[in-house]
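The data below hold one chain only, encoded as structure tokens and taken in the form predicted alone.
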């Protein structure tokens, strides 16, 4: 197994003195460094400029320049290039949990434990800290948000066709058939995201599926695990019948279809509702609702998976690591930042205290306002408690993520069965892992 070559931290723990925060609910953050500092931050969080303004007001000697390079893939491509080149990287970058291991392996991320980051472990939802500190010692990022899965649906459309929000996958499949028949095929019950592996993996995650697992100094990869096969065959059956669509996520085509009530439901992470409110504006506003994802077996216990969620990494190239850590902690633990990240971008906090902030339950503000004034945060809190905390990611996940698109395209074109597509995904990704020098089976 490859081991990251960590650069020596520029600042020692003794350089971090603690000061009280502006808000009583906030933990004590590290003291800002003396002198003027400028931080470059790469992030795609909507409205982050407003949050940064609040940070700069609290810490006037730190200027923060935010650059939005686009969603994950666009940011990752440039970040990887700069880390390998040894120059051009930002001080702080937003990275989803599933991609953190691949960036750790470049040796381009600072180990924040040398700056006292472990002092803040207690403030985060436990499973998120495991995502940024695999061995419980080194800390390669600060948790930002989480993406537990829930079902979002158009309440008016379901009622129009006499359908109750499905509580099991059997009910969902039946509802999809009913909607297709009654609408003459014009309305799809759901939509399969064929170009986002983490979306699919979250559904299998909810069924207990494991795709990667550390085994000493080696790895075990099972992209074609039983849960993955069950989930993919289930969805492929509905796709073939035309009962669900395959519109690409985050495109104008999807937002237009969802806004027009042509897609009646979908499965979204906790940050998803913010995207719905921001992207559809007035189309369908007040008509959407959220509910627990259907279960394979009827039960009072909700099992869920997680899609995305991200963290704040500090690069080894940063010349202002102390200020970068301060910003990353403030961004993800202060009540001001968590509140604005929720209302502006729908980011569901990784902060344990943040889950109880009143702003998450404010029905007059988005995304809850867009969802008919429903307290959707309670739905996602239930989902979060149902996420398997032992889920792991491998350093070569970026390849697995891209290869998934290839296999799904072949499946949708009828060239592969679901099982063949998963077997090919497993085979080709495992070969790539070994090519990259990992001991994996």
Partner chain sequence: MVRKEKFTPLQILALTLFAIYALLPLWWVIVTIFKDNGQLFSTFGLWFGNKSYLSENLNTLFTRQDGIFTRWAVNSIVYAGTTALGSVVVSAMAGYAFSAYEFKGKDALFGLILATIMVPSTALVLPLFLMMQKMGLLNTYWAVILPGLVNPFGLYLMRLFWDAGFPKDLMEAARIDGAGEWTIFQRLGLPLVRGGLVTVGLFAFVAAWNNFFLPLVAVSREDLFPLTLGLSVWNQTSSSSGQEPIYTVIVLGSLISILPLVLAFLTLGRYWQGGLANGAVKG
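What you see is a predicted model; the values in this text were computed from it and never measured. Positions refer to the first chain, counted from 1.
As for the form predicted together with the partner chain, it is not shown, yet the points below apply to it.
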item	value
71, 74 and 279 all contacting the partner chain in the model of the complex, non-hydrogen atom within 4.5 Å	yes
Close approach of residue 46 to the partner chain in the model of the complex, 4.5 Å, heavy atom	yes
Distance check, residue 255 to the partner chain in the model of the complex, heavy atom within 4.5 Å	yes
4.5 Å heavy atom contact, residue 242 and the partner chain in the model of the complex	no
Partner contact for residue 345 in the model of the complex: the partner chain, 4.5 angstroms, heavy atom	yes
Location of the partner chain contact in the model of the complex, chosen stretch of 183-191, 244-252, 125-133, 156-164 [non-hydrogen atom, 4.5 Å]	244-252
The unique member of 286, 88, 237, 226 whose heavy atoms fall within 4.5 Å of the partner chain in the model of the complex	88
Residue (of 209, 198, 274, 294) lying close to the partner chain in the model of the complex, criterion heavy atoms within 4.5 Å	274
